[in-house]
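Given as structure tokens, the chain that follows is alone and in the form predicted on its own.
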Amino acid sequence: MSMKAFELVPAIERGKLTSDKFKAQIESIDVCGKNLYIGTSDCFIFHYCIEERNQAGKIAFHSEKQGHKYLGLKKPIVQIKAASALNRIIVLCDNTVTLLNMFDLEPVFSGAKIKGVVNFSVNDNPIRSNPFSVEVCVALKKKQLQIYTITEDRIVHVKDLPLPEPAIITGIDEHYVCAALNTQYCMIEVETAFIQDLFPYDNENTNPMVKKVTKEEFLLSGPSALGMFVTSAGISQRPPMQWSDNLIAVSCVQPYIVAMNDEFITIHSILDQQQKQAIPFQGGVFMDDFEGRLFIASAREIYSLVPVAFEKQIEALLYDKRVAEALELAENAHKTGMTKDKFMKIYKRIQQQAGFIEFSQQHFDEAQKLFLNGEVDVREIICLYPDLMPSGSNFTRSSPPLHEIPSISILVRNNDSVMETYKSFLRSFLEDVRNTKQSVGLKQEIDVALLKLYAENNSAELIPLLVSDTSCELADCVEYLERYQRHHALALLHKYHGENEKALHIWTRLVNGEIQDKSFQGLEFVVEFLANLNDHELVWKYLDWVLEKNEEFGVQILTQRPANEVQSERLRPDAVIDYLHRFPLAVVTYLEYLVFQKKLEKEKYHTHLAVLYLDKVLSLTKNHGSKKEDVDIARCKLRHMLQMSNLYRVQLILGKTKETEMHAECAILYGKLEEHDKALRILVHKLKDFGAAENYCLVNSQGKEASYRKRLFHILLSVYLDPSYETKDNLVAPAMSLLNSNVADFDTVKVLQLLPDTWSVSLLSQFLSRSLRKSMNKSRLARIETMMARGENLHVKQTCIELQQEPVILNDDRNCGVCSRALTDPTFIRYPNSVVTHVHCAKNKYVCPVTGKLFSTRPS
């Protein structure tokens, strides 16, 4: 099927002209709206009314003769041009331009004419935009062009343009004239009369042509049967066009150039300069385009070249798999006057059709680009692949069809590598469109197809597809996932559809090693899922299995629950603790979660955890094979628990620790019982850890009064100075260090009473100096505070006296400034600007509620 851009349709046939007493040969024609004018070789002008009709899908013309006129010169009518705005036709006959009435063909009364004219052209884009005038350029026999403005009954001379040699044919657009002289083409700028030579030609072998193509661009017939495009700047922006010899006429109807010689009418694309169609036609004498319509005349007949609908032209190109040409033609279809919406609808369908052609030829990059730009329905592609469409889909292919591919199998022909490339293309395309507007309403088809492709290829993208918001249905995907042993993906699909027990059943089999899947993350994944599952019965069902596998992981199901989860009886802490007794590591971890993370203040939880910590320490110390590092860590946990908690049963824990060498723990417990003397004696005499003793005083006095803090340090000092201690002299140094410490706090008088009489003043000089400075500073601060309080008191008294100097008089006529009600209460509010209100009406003591005035918030 070859491309067909135009059809040759009779406009006025020979028989019609003969019946209208038409005897001579056609020389020229012009069409304006429904009016067709014919100029003959014997000086007649015929006027016809033609009407374009659509008969059974084909264009046909109906013509009716309106009249004719004999000009009496016995010369051929060389040119005719209708000026509808003036109701005139411009006629060139016997080298003279005259004006006739469009309808009765009578000459104008003024008899205006131009003589010595070889050719004329009308400026469709005149600079002087008077709607009731026409600008023409005439070529004279002498070496000159002239610019005229033609009105209804006058021809006004505007400008002369001298030439180096006579012009044969001209074309004008805006303020540029392109002219074919005797031996060369040239471009003339009207305003300046500047002439730019273009190129020479052989007038014996070349019929000169000048045809306007676009704004300020002309097509010229050049040497060697070449069509040359030239702009007003004198340059060519398109490659030359090759056409046949013996050229008679040329016309332009976007996006085509139509050329006529003595045997054929050829149609060339202006986009790629290639010939697209050839129509046999002999005896042609005239051809031109009129308002986008092409008319051709032979000696006794007139035809119209009717454009074939762009859709049909493009369809023909696509049928021949000339995709680039079809798209190029489609992109220029909007220049034909088509509305934007209609153009975009047609253009997108053409892109889709072109995409399937590229797809069938394995040009996947081009196909994907066309599918995306053409916004193809993805189901048109998916349905070509066997078993990829959802079972419940009721999709039917586009009508008329976009392609003739029944199935991908026809293109693949049992070639596995080719099949893989087609599947790879589909994966890439679906991934690109999945989250775009093309996927709206089609997410199920896209996701099901992707899942099946991923499952077959064991792609790493399978799991992310199911973890995100997927539209895959169980009925479409279970069999595929089972076939390719994608067990973890199958479990995730069950989970997505709320079938959690089926998902857990698959995961337990994977953990137990009954089935294999490399994409499964192991027991940790199951723990995370159960920790976030709100079906507590199902959690409880699988909890024991997980704990048997790994206590550390299993207890996370209980400790990593969602913060906003509704509590249930099955997961009540007491029930959980009772259940976890079989799992010692898990019960400790769970109690730590309750005490340290949840911060539950229940004595039994704290006591239970402390006892378990203590049992752990005792077990490790009794086992001589235990590592010292493990024992230290266990004791550190125990001490932290004993120190930070105040809720456990101290006597119970102390009873167990006194029987051991756990002196540090006993000291903490005595401290909880407020038996600080015992605690400090353990730290000083048994552990000989003087830093720990000092830290004990600081820790146990936190948040309490200064007197309590001093009491603890006095107890520590008394322990250091206890005369009953055998090696009391060894404690002099730590005692002095304590007295000179910056963190310790003492009552100096009580310290002096405790110190032995044998200690020298020089030994105590640092302590005494600091104590004296501290006492003097305290005394001076007290005096300053006293004086400041006295000054503030005097200021208040002054303010009170000043306020009492101006009385506030209340009577029955005085109302609240805010609510305007009577001031009946003995208490009221008076602002500095004398506004008086109820106490409850005064919202802000610094802002007057009536005037809004802001009073100073700083004390005077």
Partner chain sequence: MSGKRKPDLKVIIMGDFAVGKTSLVCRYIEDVFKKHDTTIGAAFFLKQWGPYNVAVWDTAGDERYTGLSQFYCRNAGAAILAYDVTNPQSFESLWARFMPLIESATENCLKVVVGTKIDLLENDKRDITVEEGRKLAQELNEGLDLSKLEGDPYFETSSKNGANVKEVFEYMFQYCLPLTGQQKQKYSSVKKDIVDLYETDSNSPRAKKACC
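Numbering follows the first chain given and starts at 1. The structure displayed is predicted, hence computed values, not measured ones.
The form predicted in complex with the partner chain is left out here; the points below concern that form.
Of the residues given (Ile463, Leu763, Leu226, Ala299), Leu226 alone sits with a heavy atom within 4.5 Å of the partner chain in the predicted complex. Here is the short version: of Ile235, Val749, Val158, Ala475, the single residue with a heavy atom within 4.5 Å of the partner chain in the predicted complex is Ile235. Remark: Asp197 counts among the residues lining the partner chain in the predicted complex, judged by a heavy atom distance of 4.5 Å or less. Contact check for Gly116: no non-hydrogen atom falls within 4.5 Å of the partner chain in the predicted complex. Proximity of Leu92 to the partner chain in the predicted complex: non-hydrogen atoms within 4.5 Å are absent; the residue sits far from the partner. Contact between Gly655 and the partner chain in the predicted complex is not found at the 4.5 Å heavy atom cutoff.
Contact with the partner chain in the predicted complex, judged as any non-hydrogen atom within 4.5 angstroms, is confined among 555 to 563, 609 to 617, 270 to 278, 755 to 763 to 270 to 278.
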